[in-house]
Structures are given as structure tokens and as C-alpha cells.
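The data below hold one chain only, encoded as C-alpha cells and taken in the form predicted on its own.
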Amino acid sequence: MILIGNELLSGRVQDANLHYLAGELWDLGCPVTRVLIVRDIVDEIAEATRTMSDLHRWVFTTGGIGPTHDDVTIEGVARAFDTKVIGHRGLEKRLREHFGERITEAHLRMARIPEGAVLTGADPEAWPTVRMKNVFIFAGIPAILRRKFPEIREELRSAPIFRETLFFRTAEAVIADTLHGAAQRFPDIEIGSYPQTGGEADTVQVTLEGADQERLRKAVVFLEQITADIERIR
């Protein structure tokens, strides 16, 4: 994911899109593996898009596609693929129908796309999502992203990822070596440790994730066996 906007880096706005999109993509078997936050600067957007597109199956940008001067994501994505920005006649037509005599040049900026991009995920009443090669370009407004993403989610479905969660009543340092041993034994299973503090006693949430459900189950059984002397919760 590439999160775009000066307001994110200044702390004026707290991003909500990563939390939503990462969860949705994980459920589709398409986990997020890298996130960048960049400023509203064309060259920085282009560099981030080019790099991420080369390294990953899918890239999702959020932010910078509105009508104002600092909405430069379209230019940045176009530059990443060495192409130009063009006005899409179909989008322009829809804008003119919607705004009528109130249409402005600022409104028409939202009809621009990188040359070679395709429109995806739109029903007759919805505004489409722009995709340039493997890059999906989303608005930064969380409500819009949550409305638009379901329209394209099935395009992204991959092999499922499975997860098991265990809770222990102990401090993380106590269980650290045990978890390290489990991770070495099952290198294909991602094991995460998350301490929970603030209650009467320390607790640790341990997650195990993997694409092979049988291997995941074996890792869970192994971890349960080597932590038999540690109190479990739930």
C-alpha cells in the first residue's frame, strides 16, 4: 500500500485505510507486506509506485485523487509507468451530467487517468476505480474506500491464509525462547507475540498463521505441548 498525503505525515490526520484494507486483503489470502507513506509530490509518488509495482503482485494507493492542486496521485502513477495523463471521455460525460452548469475545471480534474489505465469495479450507478497495470488507485476518504473496495475484492482473491490464536497468562519475556524454538521448527508458519498489560497479571496473545492448514495445526499442537506448564487463557 502507498498512503499519500502531507496530512498523514504531519499528524493532522490519522490514517484509517491501512487498518481496513489490510484486514480485507488478509481475508482474501492477499496479505499486505509493505506500506509507504509519501507526500503530495509527483516524483515521490512516482518513485514509490514504480518500486512497489515491480516488487509486488498488487499495489493500492490511497489519497490524492480529488479536484485540488495537491491531488497529484494520477500524475505520479502516470509518471511511474512513463505515460501521460489523459481525460477520460466517459468520466467527463458523467461529471457533466452530474454537475450540469455548475461544472468547473476543478471537477473535470477527476476525469483524468493515466493513459493505458482501465476502469474497474463500477456498476451503472457507481464511480469506477482506476487501475493502472497492477496498481489500484483509491480515494483517501475512508468512507469512499470502504464503499469502493467491495466492488473489486473478488479480483484479488487468492489461496486462503489460516490463523490460530493462543493466550497465555505470563510475561512475554518468559515465553520468548519457547516461541523462538517453535518458529525455528516451523519456518513456514508466521508466529507473532503480542503482550497484553494493564490487568491484574501479564498475558500474551500468540498468533500462528500459514497457508497450509495441516502444518498450522501441527505447529499449534507443538506449541501447546512445549508450553504445557504455562497457564492458558480461553
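Since we're looking at a predicted model, the values are computed, not measured. Position 1 is the first residue in the sequence shown; the rest follow in order.
Keep in mind that the form predicted together with another copy of the chain is not shown, yet the notes after this line are about it.
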Three-residue site E7, A22 and T68 fully in contact with another copy of the chain in the predicted bound form at 4.5 Å by heavy atom: yes
Contact residue in the predicted bound form, chosen from L156, V118, A106, V85 - any heavy atom within 4.5 Å of another copy of the chain: A106
Contact flag, D177 vs another copy of the chain in the predicted bound form, heavy atom cut 4.5 Å: yes
Close approach of V32 to another copy of the chain in the predicted bound form, 4.5 Å, heavy atom: yes
Contact test in the predicted bound form: I226 vs another copy of the chain, heavy atoms, 4.5 Å: no
Residue contact check: V59 to another copy of the chain in the predicted bound form, 4.5 Å heavy atom: no
Partner contacts for 171-194, taking another copy of the chain in the predicted bound form and a 4.5 Å heavy atom cut-off: E172, A173, A176, D177, L179, H180, A183, E190, I191, G192, S193, Y194
